[in-house]
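Take a look at this single chain in structure tokens; it is the form predicted on its own.
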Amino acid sequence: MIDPRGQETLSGSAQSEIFQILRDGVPRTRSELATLTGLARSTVAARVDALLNIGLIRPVADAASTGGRPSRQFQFDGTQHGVLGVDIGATHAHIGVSDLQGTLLVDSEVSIPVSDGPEAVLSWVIDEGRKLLADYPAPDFLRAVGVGLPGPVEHRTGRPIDPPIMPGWDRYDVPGKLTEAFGVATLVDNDVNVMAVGERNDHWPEVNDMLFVKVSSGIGAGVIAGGRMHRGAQGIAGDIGHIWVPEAENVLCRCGAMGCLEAVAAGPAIANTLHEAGLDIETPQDVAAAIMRGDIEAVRAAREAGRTIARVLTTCVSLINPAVIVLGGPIANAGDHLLAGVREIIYTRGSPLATSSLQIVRSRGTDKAAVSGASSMARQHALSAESVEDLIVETLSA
């Protein structure tokens, strides 16, 4: 039977079918649920009781009576369970607890280089996660963990693969480490995909085709196509930072190749250019600060970086045909200068049909966008038919 919201094909137990219908937040009576599922009313009543018992739905106001006793309505309740969202960046780790409705309840952040290695970084995540979860002592409160990493991730295993700025992380079993610590499923993706999910869910829910481009220590894109994250065969779709560009033909990239986009247009490359020009700039954060101060050389460098990035994105526009391109990261968020460079090239070189209604904008997300995206990834797993069935079985066995 098909979910009327088009989210997924309903399968498995009747509990899961009923819950997937109620996920849209619309209150429904047992009679309405029986009509939608084709199940007997007695079966629906038993299944509703099971979902009430595990705290995934709650009774709400009675439906309007058409004669006789009014029927009780039931609605999704995401406040009784939660997930952990983890954002691991090049120089920081950020963790947050969210409920299953997507509300961030509490979060914590620390400056820690990812180059310290997986044991050091994940030990902080585990210790801090346990501290945050101490305020939510229900044994079945935590349902999943979502993690974003600043490097390529093999989607099938959740392990980082040859990450250029993550020494010691190659093929490290991040999901296994965190699943063992927290006792729930752990989902891992690269940070740009995670930010793309957070940006879309929080600010562009009606958009089914979107590119999220992060310009920071590297350059990467999260590709949402047809309403779903597109990861590709090995999970590295959107790795545009290592596409060859003529501007970088003789420039060595940190990946070991010559001519990569991020070797001339990412934060460190811009910082190096400005440093060689005599400015006191060392990091992408310094670049962003200089742009915000209105330093003419920094502004000019950001706009030129935007033009270079746009030459790659113009090809992406023809290939993917997004409705929206969102630019994020510290360089993109420091004023509109990089954005202006991107718009200049795409709108003049892109095909008229592909660009006629294309929006190119800065990220609307905050510094919590990556945690929001990681939490969203975990929530999707926690609210799946299989996970709901597992929770029901766990509760009955307790």
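A quick note: this is a predicted structure, and the numbers were derived from the prediction, not measured. Position 1 is the first residue in the sequence shown; the rest follow in order.
Another form exists, predicted in complex with a further copy of the same chain; not displayed. Remarks below refer to it.
Taking 26, 61, 46, 353 one by one, only a single residue has any non-hydrogen atom within 4.5 Å of a further copy of the same chain in the predicted bound form, and it is 353. The contact with a further copy of the same chain in the predicted bound form, taken as any heavy atom within 4.5 Å, belongs to 234 out of 79, 234, 115, 283. Within 4.5 Å of a further copy of the same chain in the predicted bound form, a heavy atom is found for none of 83, 96 and 203. Look at 125 to 133, 85 to 93, 309 to 317, 272 to 280: in the predicted bound form, residues with non-hydrogen atoms within 4.5 angstroms of a further copy of the same chain sit in 309 to 317. a further copy of the same chain is not shown here, and in the predicted bound form it never comes within 4.5 Å of any heavy atom of residue 299. In the predicted bound form, a further copy of the same chain sits within 4.5 Å of a heavy atom of residue 321. Contact check for residue 267: every heavy atom lies farther than 4.5 Å from a further copy of the same chain in the predicted bound form. Although the partner is absent here, residue 238 lies within 4.5 Å of a further copy of the same chain in the predicted bound form, judged by heavy atoms. Shown without its partner, the chain has 209, 211 in segment 192 to 217 as residues with a non-hydrogen atom within 4.5 angstroms of a further copy of the same chain in the predicted bound form. Pairwise change in the predicted bound form: residue 169 and residue 256 C-alpha atoms lie farther apart than in the shown form, at least 3 Å.
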